[in-house]
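To begin, one chain is listed below as structure tokens, in the form predicted on its own.
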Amino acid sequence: MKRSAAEILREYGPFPGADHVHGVTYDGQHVWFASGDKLNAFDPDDGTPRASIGVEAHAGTAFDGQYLFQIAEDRIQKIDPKTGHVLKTIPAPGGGGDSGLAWAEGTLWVGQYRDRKIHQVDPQTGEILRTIDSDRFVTGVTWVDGELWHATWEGDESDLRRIDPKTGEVLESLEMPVGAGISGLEADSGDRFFCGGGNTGKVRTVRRPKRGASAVEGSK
């Protein structure tokens, strides 16, 4: 496994009225983050707030290209970002102990925080399709360029991990500075991870390793 220090590129926030960041996602233009009683969008180019939706938002957030998905306690809500309406809800696999959320391969990927698991879930029914075990608390999940990454946060230690989606083996770890925990995770199509900063109210960007470099290292 390759270990290296995470390179923080930028910090956003804290934002007015949002003193805690839970889930984080990116719709191609705006970064959305959950702050308990609403979803907030800002422009990652300049950090300017762009929109907010009043909806329960206690953990992970995801975007499927058209709709937002948001964990609220023991359920996952499907939300139209244009109207703010909740269109559908399905049960969350952790029954309220869920953390990160991501969309990939037509399914949802849900982190189960203290149980240290990542579930692949049917977005229509909430059925668990498969489960990957981790050895640390799971606080964020994202897929990018065919790679499954998740965030961990225990005590003052936090890292970003690229894992084998079949076995859960950790292939690469980017270690965050002490005290810079990750409470939600998303990636863009470039070289950025967007990381929720928990009760700091901040969102940080961390440089994502070049895909070729990761692929070579992961093949060792």
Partner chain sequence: MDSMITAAGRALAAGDPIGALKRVALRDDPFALALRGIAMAQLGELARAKSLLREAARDFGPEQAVPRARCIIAEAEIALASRDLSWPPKALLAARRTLEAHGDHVNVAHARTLHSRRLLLIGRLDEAEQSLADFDATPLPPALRAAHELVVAGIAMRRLRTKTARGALARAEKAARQADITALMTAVQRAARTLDTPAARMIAGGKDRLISLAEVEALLASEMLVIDACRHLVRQAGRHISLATRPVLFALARALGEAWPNDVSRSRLLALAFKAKHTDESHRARLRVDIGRLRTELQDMADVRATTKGFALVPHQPCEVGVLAPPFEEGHGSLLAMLSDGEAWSSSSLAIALGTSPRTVQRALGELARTGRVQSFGRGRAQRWLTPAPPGFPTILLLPGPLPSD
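Residue numbers count along the first chain shown, from 1. All figures in this text were calculated on a predicted structure; none of them were measured in a lab.
Keep in mind that the form predicted in complex with its partner chain is not shown, yet the notes after this line are about it.
- Message: Quick check on residue 45: any heavy atom within 4.5 Å of its partner chain in the predicted complex?
- Response: Residue 45 lies outside the contact set for its partner chain.
- Message: Can you work out whether residue 58 and its partner chain are in contact in the predicted complex, taking contact to mean some heavy atom pair no more than 4.5 Å apart?
- Response: It does: once its partner chain is placed as it appears in the predicted complex, residue 58 has a heavy atom within 4.5 Å of it.
- According to a 4.5 angstroms non-hydrogen atom cut-off, is residue 208 in contact with its partner chain in the predicted complex? Contact check for residue 208: no, nothing within 4.5 Å of its partner chain in the predicted complex.
- Message: Check residue 52 for me: does it contact its partner chain in the predicted complex (non-hydrogen atoms, 4.5 angstroms)?
- Response: Residue 52 lies outside the contact set for its partner chain.
- Heavy atoms within 4.5 Å of its partner chain in the predicted complex: which of the stretches 186-194, 159-167, 61-69, 35-43 has them? Comparing against its partner chain in the predicted complex, the contact stretch is 35-43.
- The unique member of 133, 80, 74, 127 whose heavy atoms fall within 4.5 Å of its partner chain in the predicted complex: It is 74 that has a heavy atom within 4.5 Å of the partner.
- With the partner left out here, if you bring back its partner chain in the predicted complex, are 28, 143 and 204 all within 4.5 Å of it by some heavy atom? Looking in the predicted complex, the three residues 28, 143 and 204 all stay beyond 4.5 Å of its partner chain (heavy atoms).
- Item | Partner contacts for 150-174, taking its partner chain in the predicted complex and a 4.5 Å heavy atom cut-off | 154, 155, 156, in sequence order.
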